[in-house]
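Below you will find one chain, with nothing else, as structure tokens; this is the form predicted alone, and questions on how it binds or moves follow later.
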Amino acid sequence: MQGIIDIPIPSHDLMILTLLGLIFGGLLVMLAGKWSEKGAQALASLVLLGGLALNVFLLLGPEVWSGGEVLYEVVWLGSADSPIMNMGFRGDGLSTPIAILVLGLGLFSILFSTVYMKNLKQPGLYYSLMVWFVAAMVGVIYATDLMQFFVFYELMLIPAFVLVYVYGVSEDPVKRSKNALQFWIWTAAGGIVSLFAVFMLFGYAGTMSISTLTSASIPVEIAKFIGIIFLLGFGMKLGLVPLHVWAPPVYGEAPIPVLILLSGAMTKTAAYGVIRIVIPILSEGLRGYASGLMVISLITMFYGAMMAISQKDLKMMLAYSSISQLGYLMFGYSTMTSIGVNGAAFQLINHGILASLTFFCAGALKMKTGTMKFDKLGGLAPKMPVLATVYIIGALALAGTPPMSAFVGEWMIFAGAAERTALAGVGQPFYLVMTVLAVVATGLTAAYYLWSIRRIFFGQVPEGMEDARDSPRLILVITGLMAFVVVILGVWPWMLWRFIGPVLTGVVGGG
């Protein structure tokens, strides 16, 4: 096997070093913060940059680049001949790009925090929690065992909860604690529901190894029941309607750098769980529920879009937009076709980049204008040309405009829905109606993003905004790089699909 680069150490060591570096690096960041905030910032940035570099090496190494995988497991419980639980690391064309996404967003959030989070109390705690939040998400993505997946899946709630509780934007501590507690209860409940499904799978198959379960023969009726429980648990963390109750208040409460990790990264671990666990293991049982999953996905799309249209604040508009966009992921999954699932995986990474890009722009506007209220903004494009450009790129991409990256993902999702329609036959119009409605939902997305562009960057400049200027150079570099990736992946989607495609080939079976 040939890769772009030769790795001088075993490839699995790159994943081990990443996780250990994040865990112990977070501890060093906390210690450094006791003496110097800048020291904590620099160390946290270096820790995440190192993890990002290691995973880029893994992506370009011979195994992943050639469409294979790097798999390393040790027996956690049981014997070598009959393991019950393993502890391991899996790097392939699906997990490695998502790990790079999480690490990249973590690095950018840390850098953004250095200019955005002013008068930060306990900086060592803040930056260490950000690093540990990323570490837990990377642990989820690498997991080869259901129990290992669950342990990291729940561990990531601890730093997330503390970040929202301690550093939330509400001045009222009661409101801040209420929002943080709501986040904890709902997302922890989702994890517990998922754990119930894990034990059911183990009780039936006698193993928690994801790769072993993928090839196991599970009766359809049992797969149906376990699959629905898994989807209920993952749906809580994704924020699918009607399980989204925690998302709007928490998105409104979290400071922008923390919100980036919540919306751009944490929700993607749940989406990753669906595509790594639920679909490969339980797809035969879930085919009978495809129509119901489509309906829930459409409700999420339309509810999020309609709520986004009604918002008077950019941050909350983006929060509801994020909920709506996650409906597209589930819609792609619910097609139960190869191209639809590939499109959902593509969109998983797209949305992580695009949601974060637009939230970064919202934070930059807040820094320079002191507000994110639409009625207090306007005419800022001539005064903030670079920020206006990157926000417009992100907004148009989320609206599915070619040649931006999200167009490719949405096209694949809708192609999967069309394939499902063809498989159902002429006498079954349900899937055709669902497909048409999903396409209509993209029109609502375009409506609220174009309206936000009009209200923020064009029209009359409000009183007091005459001296507004573009954002600090660091923020423009971050958002500019993200906008560049959005365009490149739209023009040349093969760069991402070449990794994802081989992993998902045949994962659905049939369609």
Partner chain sequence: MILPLELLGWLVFVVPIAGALFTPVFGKIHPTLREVMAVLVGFITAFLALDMVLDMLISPTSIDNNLITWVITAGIEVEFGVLIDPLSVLLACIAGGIGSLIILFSVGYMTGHDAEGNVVKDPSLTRYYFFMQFFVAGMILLVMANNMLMTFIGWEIVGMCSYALIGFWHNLKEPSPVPEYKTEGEYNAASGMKAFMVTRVGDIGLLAGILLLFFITGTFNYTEMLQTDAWAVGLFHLLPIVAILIFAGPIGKSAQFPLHIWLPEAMAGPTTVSALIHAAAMVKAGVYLVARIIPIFLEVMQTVPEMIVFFQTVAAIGAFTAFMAATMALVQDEIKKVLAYSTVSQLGYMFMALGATGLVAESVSAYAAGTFHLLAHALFKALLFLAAGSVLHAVQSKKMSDMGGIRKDMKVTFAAFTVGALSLAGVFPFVGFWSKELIFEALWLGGQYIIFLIAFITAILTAFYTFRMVGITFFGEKSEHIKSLESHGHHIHEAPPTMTIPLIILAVLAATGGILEIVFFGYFSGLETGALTHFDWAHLAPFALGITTIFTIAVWLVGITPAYLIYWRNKYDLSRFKDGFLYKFLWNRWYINALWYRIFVDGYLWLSNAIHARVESALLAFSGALSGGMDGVSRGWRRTMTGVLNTNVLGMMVGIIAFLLILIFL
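Numbering follows the first chain given and starts at 1. These figures come from a predicted structure and were not determined experimentally.
The protein also exists as the form predicted together with its partner chain; that form is not presented, and the subsequent description refers to it.
Annotated contact segment (heavy atom within 4.5 Å of its partner chain in the predicted complex): 376-384, selected among 376-384, 251-259, 264-272, 363-371. The partner is absent here; in the predicted complex, the one residue of A399, M87, V193, M117 having a heavy atom within 4.5 Å of its partner chain is A399.
Here is the short version: of W186, Y289, F202, Y72, the single residue with a heavy atom within 4.5 Å of its partner chain in the predicted complex is W186. Contact with its partner chain in the predicted complex holds for none of L43, G68 and L476, as no heavy atom of theirs lies within 4.5 Å.
Taking the partner from elsewhere, E284 is found to have every heavy atom lying beyond 4.5 Å of its partner chain in the predicted complex.
Interface residue remark: W497 is counted as part of the site for its partner chain in the predicted complex, having a heavy atom within 4.5 Å. Using a 4.5 angstroms limit between non-hydrogen atoms, S310 touches its partner chain in the predicted complex.
Looking at L31, you'd find every heavy atom of it more than 4.5 angstroms from its partner chain in the predicted complex. If you take 477-503 and check each residue for a heavy atom within 4.5 Å of its partner chain in the predicted complex, you get V491, W492, P493, W494, W497, G501, in sequence order.
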